[in-house]
Ligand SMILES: C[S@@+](CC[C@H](N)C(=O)[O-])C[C@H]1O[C@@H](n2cnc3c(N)ncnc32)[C@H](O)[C@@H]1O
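Below you'll find only one chain, the form predicted on its own, shown as structure tokens.
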Amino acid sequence: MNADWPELSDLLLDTDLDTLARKPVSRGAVRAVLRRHGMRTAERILDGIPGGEVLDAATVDGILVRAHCELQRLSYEFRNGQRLLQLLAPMLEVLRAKLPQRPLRIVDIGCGMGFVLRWLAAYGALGDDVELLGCDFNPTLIANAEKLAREEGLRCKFRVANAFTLEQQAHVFLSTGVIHHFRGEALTGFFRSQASVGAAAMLHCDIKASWAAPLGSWIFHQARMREPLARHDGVLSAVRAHPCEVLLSASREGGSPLRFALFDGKPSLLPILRTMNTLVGVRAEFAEPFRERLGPLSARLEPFS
């Protein structure tokens, strides 16, 4: 595996970004990409998907739902809800003091089945002046997120939508395990899209690039995952994780006028102790108040620039 390989899940779903309509996906086109990269394991997974030349949308969605159910287990065991809350709570304190608008709108980009937002709604105690909205292009994943939120009686919403073209824009954008899907100019554009709609802050949590990440991911996915696509893409995600300097360079180029720093981004001889890091972006006037409200956790936040 190498960082230039695309994740199979990204190839199985194609969406028109203007209409959000789903495009048909050719098995032959996916196979051609996999062969170009020498991705033999992914090609075997593709061969195991029943159907004809045009991949059946319902079959693909079934695979993606099973994979996302397994990803929820990973998010739970890696405490991703708690990880974001420790940054989001002080961020909201700053925004309450600085911004007159209410509610404070938090938008989760590429929310999938909405585990992190549902966890925040259940346990985050964010306040009645906070609105939680998850956005994703896949209607099946969003339908499952909505169903789970209803069953759990949670105050959060989910929409099939482009998070950057909402009628009411976000004060805070967040994501979990999303930014490694973007490369090169697309990564810079990801940050530019958020800054261009006037976001006050960003919190993007993802796998921390290290020598141990691919090995640790392989062990975890072999032990805990059963869906072949989840096993394959989970390990590849760790391979594709962006080094700190890449994340900071792309965010600073695309996310101006926000200022950026990494939380838990420092290298370690034992990276298994810090499996994830979070890119924090804030308006310049919020940077120091945010750091002050972090308290002892501020030692894990690198300087804003």
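Here the structure is a predicted model, which is why all the values come from computation and not from measurement. So that there is no doubt, residue numbering starts at 1 and follows the sequence shown.
Separately, the form predicted in complex with the ligand exists; it is not shown, and the next lines address it.
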Listed range touching the ligand, judged in the predicted bound form by heavy atoms within 4.5 Å, from 122-130, 207-215, 98-106, 136-144:
136-144
Can you check whether G177 is within 4.5 Å of the ligand in the predicted bound form, heavy atom basis?
yes
Would H68 show up as a contact with the ligand in the predicted bound form if we use heavy atoms at 4.5 Å?
yes
Could you tell me if F78 has a non-hydrogen atom within 4.5 Å of the ligand in the predicted bound form?
no
Should L74 be counted as a contact of the ligand in the predicted bound form, where contact means heavy atoms within 4.5 Å?
no
Triplet G110, A161 and F182 all within 4.5 Å of the ligand in the predicted bound form via a heavy atom
yes
Taking the shown form as reference, are the C-alpha positions of I106 and F164 brought closer or pushed farther apart in the predicted bound form, with a change of 3 Å or more?
farther
Checking the C-alpha spacing of F164 and A125, a student should find that in the predicted bound form it changes by 3 angstroms or more, with the atoms farther
